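Just the one chain here, the form predicted alone, laid out as structure tokens.
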Amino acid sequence: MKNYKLALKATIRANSNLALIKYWGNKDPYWNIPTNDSISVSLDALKSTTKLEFGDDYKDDFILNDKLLTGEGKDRIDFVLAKFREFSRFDTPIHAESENNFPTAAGIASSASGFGALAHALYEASGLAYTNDDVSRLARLGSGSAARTIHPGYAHWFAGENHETSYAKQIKPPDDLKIIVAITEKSAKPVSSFEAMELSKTQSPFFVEKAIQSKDNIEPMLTALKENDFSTLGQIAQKEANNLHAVINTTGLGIPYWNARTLELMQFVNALRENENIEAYYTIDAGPQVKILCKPESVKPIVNRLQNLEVAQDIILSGVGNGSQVM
């Protein structure tokens, strides 16, 4: 396709998402085709904002949090960009600038919101016709969980068998679920999720069983969402987090994602239910941050206790988000 002489622009804001049914590992790493379906909830407090322009004079540079991106992160963006050009036959160079309002590469799905915003911006700025399915597929190529992040509320990522069949759909609009994100470490995690997933395939004895359990949990989670059954949702989500980290902690000699504060917060959440009659459940992705699922009326007492506990470097309060949006 002939390049345009004038820059075409788009600004996209995308929410991060939190997996309730966990994705861990790919049956096809090149295309990021996962071993099992997953289900997520969008987080309105955690956002990536990406401004992208097409123009003949640009050089496909990408600025993340005011720094020129290089290395593995830039390689992944170049891969997404190459595939976008292959699919769309739109080859104009880009300049993009992106900011996260939360710690990057620290286990809070910054890659999901970042690649979701990038994929959406590429389609929106190009002026080409596109669907949510198109954006979800393209985002998946940068970060598997980004397939889910474009949708408001709750999303179901269908694993599929190839690029065309692996994408996410919205399954429920935003509701009143609250998520308290307890930040225990703001620096980048020592091992990327992609690298850790590949290691887990051959090094963890529980890798296959975890995928089986996640597949079995899909229908109960869908039913819990349909029936607004918070107790079942929370129980499944906490079990899914434990299963995920059973794999991570048995990969080789263990991948060091947790810290002492992570463990203390897990015990704290269990004590809320068992000793104080406050219904709350934890979930943890590939990192040290603890996310606490609760009802609106439980937010204040939980936050008060967290502040007294003094184990979180920061506390972020979130509701259910709106996916990715054109700004």
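Note that residue numbering follows the sequence shown and begins at 1. This one's a predicted model, so the numbers in the text were calculated from it and none came from an experiment.
Missing here is the form predicted together with a small molecule; even so, the following discussion is about that form.
Heavy atoms of every residue among G144, K189 and A286 are located within 4.5 Å of the small molecule in the predicted bound form. Exactly one of the stretches 200-208, 136-144, 220-228, 85-93 approaches the small molecule in the predicted bound form with heavy atoms within 4.5 Å, and it is 136-144.
Of the residues given (S214, T251, S193, N100), S193 alone sits with a heavy atom within 4.5 Å of the small molecule in the predicted bound form. L244 is the sole member of A182, L244, L81, L233 with a non-hydrogen atom within 4.5 Å of the small molecule in the predicted bound form. Although the partner is absent here, H151 is not a contact residue: none of its heavy atoms lies within 4.5 angstroms of the small molecule in the predicted bound form. Mapping the unseen interface onto this chain, I12 falls outside it, with no heavy atom inside 4.5 Å of the small molecule in the predicted bound form. Among residues of the shown chain, S111 is one whose heavy atoms approach the small molecule to within 4.5 Å in the predicted bound form.
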